[in-house]
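Quick heads-up: it's one chain on its own, the form predicted alone, in structure tokens.
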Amino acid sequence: MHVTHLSLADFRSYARVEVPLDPGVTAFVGPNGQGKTNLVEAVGYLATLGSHRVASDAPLVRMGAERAVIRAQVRQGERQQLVELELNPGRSNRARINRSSQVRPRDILGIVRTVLFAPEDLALVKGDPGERRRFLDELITARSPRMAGVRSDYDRVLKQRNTLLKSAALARRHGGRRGAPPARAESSAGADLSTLDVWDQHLARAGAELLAQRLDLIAALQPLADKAYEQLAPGGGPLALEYKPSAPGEAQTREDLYTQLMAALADVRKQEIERGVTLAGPHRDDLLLKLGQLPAKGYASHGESWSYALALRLASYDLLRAEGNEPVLVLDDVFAELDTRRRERLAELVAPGEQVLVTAAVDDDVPHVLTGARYAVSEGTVERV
């Protein structure tokens, strides 16, 4: 799969830009702050419905504009599709496939697939658990686009459950409505808790599906990540990926995971009501990254952490490619962060990709093995050289 044309309107720094793309390597070269990353960010947004740089859509819309549009022509084998996404901060985004059929944004997932390497990837190793959960869930959705619906359902139920927990906590803490007698406070809290039992079941059902997919993914990634790390840093491993659930147990099937989550929610109910927040479920889990016998976070050197993060991305690419739909590889200002040895090894590993998009401040940051098209990016213009 590769993108043959990228069109942007009022996206980031671009009022409008048209970029024809070829298979193989394409490098966008120009000084920092000129819009190189904006181009690959747009491709990545079509693949994940999110940015690797910001958490909301508002910064993606050019200042003074009401909306932004990302449009890409995509070829997979003999099939071509045009996919477009209209970003409307504060309102619902809109999507189209082949211009005529308006669909939900999540229905475009799977048309464009990417594996993105960026300086932010260091947070996979050194950052908070949320970074690693996002990594797992985005890769799960790339493998199976239907999981976008499961993730959305889980987030919706979690939000509702937290609202009910907070309501019950406030009712107990402040005696229900202001001035209400204690009996009425207990009644109000009891009503909330009765409703909460139903939301527990919904949370556990969606959570069990998400957990099952995460565990399957980790099992598939483990050997690929270990191999990639050995290629990047020979003799430096082995790697181990260990899932750390907030609802511990040995369950593997979805029904067992559901039962395990229900039990965990029951165990922490008292603390949840006191704190007004859900304390068990996939949203509180972590992926422990080990290098040898030690956790990488806190023990791995800067170079080892970089190699670990790159190994996770390479493993993701190998997994998606093995499952039949080779993703676009995006390397956003990565080579400037690496020493010469890691730079050359990474370049050799990604060079055979069907489509590789690279951003760099200067030509010398692009390894010689990555030959292909070059675009000069400067002050909102993108010109082939």
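As the structure is a computational prediction, the values presented were derived from the model and not from experiment. For every residue, the number given is its place in the sequence shown, counted from 1.
Omitted from view is the form predicted together with a small molecule, to which the following refers.
Contact annotation for Gln34: at least one heavy atom lies within 4.5 Å of the small molecule in the predicted bound form.
Contact check for Asp318: every heavy atom lies farther than 4.5 Å from the small molecule in the predicted bound form.
Contact between Arg342 and the small molecule in the predicted bound form is not found at the 4.5 Å heavy atom cutoff.
Arg53 belongs to the set of residues with a heavy atom inside 4.5 Å of the small molecule in the predicted bound form. Annotated contact segment (heavy atom within 4.5 Å of the small molecule in the predicted bound form): 26-34, selected among 42-50, 319-327, 343-351, 26-34.
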